[in-house]
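Below you'll find only one chain, the form predicted on its own, shown as structure tokens.
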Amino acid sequence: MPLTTIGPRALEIRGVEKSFKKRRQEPVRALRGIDLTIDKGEVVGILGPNGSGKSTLVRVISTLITPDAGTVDVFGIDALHHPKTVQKMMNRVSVEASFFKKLSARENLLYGSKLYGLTSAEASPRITEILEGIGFRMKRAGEPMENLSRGMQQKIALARALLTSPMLLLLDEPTTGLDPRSKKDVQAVIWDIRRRHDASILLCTHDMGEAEELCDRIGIMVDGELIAIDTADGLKRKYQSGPELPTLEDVFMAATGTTLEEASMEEEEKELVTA
């Protein structure tokens, strides 16, 4: 459960809108009046199909793109007017983390630490501590990244995100495309981060089991709208239609009129049509 804290929330988003225009077509509304809060120490999941707006939301929060309307506050600081200040408080891990593939895991982490203003002497013991803490096999830390599995690369992405001890961690589909064992390993790292580090986490995923296992609250996002948000049990009670609690899959179906898989297929078909 989230920590009991005093002061501003880790994240507070009000009325965020974002549209994109493709060639000569009408603008596509990626975010439609998003309201979202995350308390300090809380893990909030956003569950939705590909193309639902999850990644756009993460990019807005991380100040990579500017919303057309709305406000984004990170620990009480206006992210739109003070992006460099809030950037120091957060870090992001995406489904396709970028690395120098010919360099080793340790070399990539040392390079990343320099971007954060750390010297090699400061970063080296910190890197070892983090890698050992997330269960990375240290004997492979000297191997080129291109030799490591996707699961191991995602562990390195999480390690890189932890170098600066971020207060807000944005995870955008961190386990998508991983084999079952690697997915479990990365999920275990995320669980350990929430247990051991004083960080608030936004986890965007389309894995219902992952959302239910890792998150204090879960939001359902479709077509750029956050249509529901509550604890897993709260969502199940809200959409309960019989004597037994429904599954999250049942909840998604009741809330949207479609399954998560069907919604993802529909979004992919839209992309093909508008490409």
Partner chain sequence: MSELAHAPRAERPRWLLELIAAWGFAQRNFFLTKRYFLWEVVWLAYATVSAMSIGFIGVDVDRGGVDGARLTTFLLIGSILWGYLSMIFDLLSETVSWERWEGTIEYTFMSPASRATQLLGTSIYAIAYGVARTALIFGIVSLFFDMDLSNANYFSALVILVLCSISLVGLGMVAAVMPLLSPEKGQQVSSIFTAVLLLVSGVYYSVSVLPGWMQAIAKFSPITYALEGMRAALLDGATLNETWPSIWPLLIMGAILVPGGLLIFRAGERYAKRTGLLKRSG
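Numbering follows the first chain given and starts at 1. Bear in mind that the values here come from a model prediction, so they are computed numbers and not experimental data.
Beyond the structure shown, there is the form predicted together with the partner chain, which is absent from this document and is the topic of what follows.
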Quiz item: Is there a non-hydrogen atom of Phe99 within 4.5 angstroms of a non-hydrogen atom of the partner chain in the model of the complex?
Solution: yes
Quiz item: Could you tell me if Asp73 has a non-hydrogen atom within 4.5 Å of the partner chain in the model of the complex?
Solution: no
Exercise. May I ask you to check whether Cys204 falls inside a 4.5 Å heavy atom distance of the partner chain in the model of the complex?
Key: no
Self-check item: in the model of the complex, Lys236 touching the partner chain (heavy atom, 4.5 Å)
Solution: no
Quiz item: Which one of these stretches, 236-244, 216-224, 42-50, 57-65, sits within 4.5 Å of the partner chain in the model of the complex when only heavy atoms are counted?
Solution: 57-65
Exercise. Let me know which residues along 99-120 have a heavy atom within 4.5 Å of the partner chain in the model of the complex, or say none if there are none.
Key: Phe99, Phe100, Lys101, Lys102, Leu103, Ser104, Glu107, Leu110, Tyr111, Gly112, Lys114, Leu115, Tyr116, Gly117, Leu118, Thr119, Ser120
